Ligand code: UDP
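Coming up is one lone chain in structure tokens, specifically the form predicted alone.
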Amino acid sequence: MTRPAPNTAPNAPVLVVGAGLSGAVLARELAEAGWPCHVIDARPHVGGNCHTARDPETGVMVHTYGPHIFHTGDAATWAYVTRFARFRRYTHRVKTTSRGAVYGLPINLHTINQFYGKTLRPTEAEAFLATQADTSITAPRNFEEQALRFVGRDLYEAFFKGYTQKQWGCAPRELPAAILQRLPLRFTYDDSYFNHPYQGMPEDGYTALTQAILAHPAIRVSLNTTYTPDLADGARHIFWTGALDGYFDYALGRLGYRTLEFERFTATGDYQGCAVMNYADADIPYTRITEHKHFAPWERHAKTTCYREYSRAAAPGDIPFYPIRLVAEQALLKRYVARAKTLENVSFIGRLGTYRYLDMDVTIREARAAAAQFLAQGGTLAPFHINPLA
């Protein structure tokens, strides 16, 4: 995709492609510094995959593209989001069904005692689990080896093996060890999913949060608008938050993603008693059921809205969710990064633009940092503010 010569006039707008959190935050930072911004998005709503909306049948606030829980250890990022929306306290807790029983995740002292039928104290549980771990694995090379070294074969096969096969569409030994390294192991009865001090949900949903961020007189938003090169005419700079390979019309091939299919159903009252129920057994085709009324426990609804989630490889036209980043994708990514680095006045940011899995707080922090560097450099920025190959 070619880039027209940039417009260096003082009032030339910045074109931001994508009205998700990355695009919205970046545009707000530039607008507050006096730079006009035009934000476009192909979808009919802002918020990207964080989009939320009321279910017309039940009134429940639904996370349209799957649940998003805001959590961070960064006080500055927490102060930023709470400037634009009221956040209500929400502590994320996940349950999993395995072999006909329900357990708490991440693995904690209750999970261990329940699974093994024991009453171990913390130090006893830690010593016991050390006897289950495969200590012959000193440097785990993949997800399976990391799990065997981490918790041993019994817990690996009960909680991780089947779920991971369904989520990623391949054997766990084909996945990098780093995927499992994100999950904690606790020898206490703390069953909260995240350790961060700042956790919550925007009371009116993520779409309202994004709308508030974009509500600035120097920001113009165009929805249902797919990027075409003519939209860049007259722009000072382009910030691209869409798929990196999409910018180049997939000329080198498509980067691999997993996507999700959602099977909606409703019920009266409370369907499963929690927000997220994982299904660890490989013979159950879906990975989890999410019950969205539990993401807003301060609300009361007579009916409930749930979604079964099915993971599969993304095809052209699908919404990309999780970058695969295995060997073949890494090689293709390097080629796209090399091509992107030849561009001027175009910068790639966000989850899709850098082909990385990002939590929302990291997305916001990186967008603010990119805007700050753009302003400090007088309206210029390299194609990548963050190295996507790191």
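Note that the coordinates shown come from a computational prediction; the quantities given were computed from them, not determined experimentally. Residues carry their position along the shown sequence, with the first being 1.
This protein has a second form, the form predicted in complex with uridine-5'-diphosphate (UDP), left out of what is shown; the following refers to that one.
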Contacting member of Y90, Y80, Y307, W168, with respect to uridine-5'-diphosphate (UDP) in the model of the complex [4.5 Å, heavy atom]: W168
So uridine-5'-diphosphate (UDP) isn't shown here. In the model of the complex, which residue out of Q199, N278, Q211, S311 has a non-hydrogen atom within 4.5 Å of it? N278
Just one of 157 to 165, 291 to 299, 201 to 209, 107 to 115 has residues with a heavy atom within 4.5 Å of uridine-5'-diphosphate (UDP) in the model of the complex, so point it out. 157 to 165
Decide whether T96 counts as a contact residue for uridine-5'-diphosphate (UDP) in the model of the complex under a heavy atom distance cut-off of 4.5 Å. yes
Is there a heavy atom of Y103 no more than 4.5 Å from a heavy atom of uridine-5'-diphosphate (UDP) in the model of the complex? no
Answer for F143 alone: is it within 4.5 Å of uridine-5'-diphosphate (UDP) in the model of the complex, judged on heavy atom distances? yes
Would Y193 count as touching uridine-5'-diphosphate (UDP) in the model of the complex under a 4.5 Å heavy atom rule? yes
Residues of stretch 169 to 190 in contact with uridine-5'-diphosphate (UDP) in the model of the complex (4.5 Å, non-hydrogen atom): I179, R182, L183
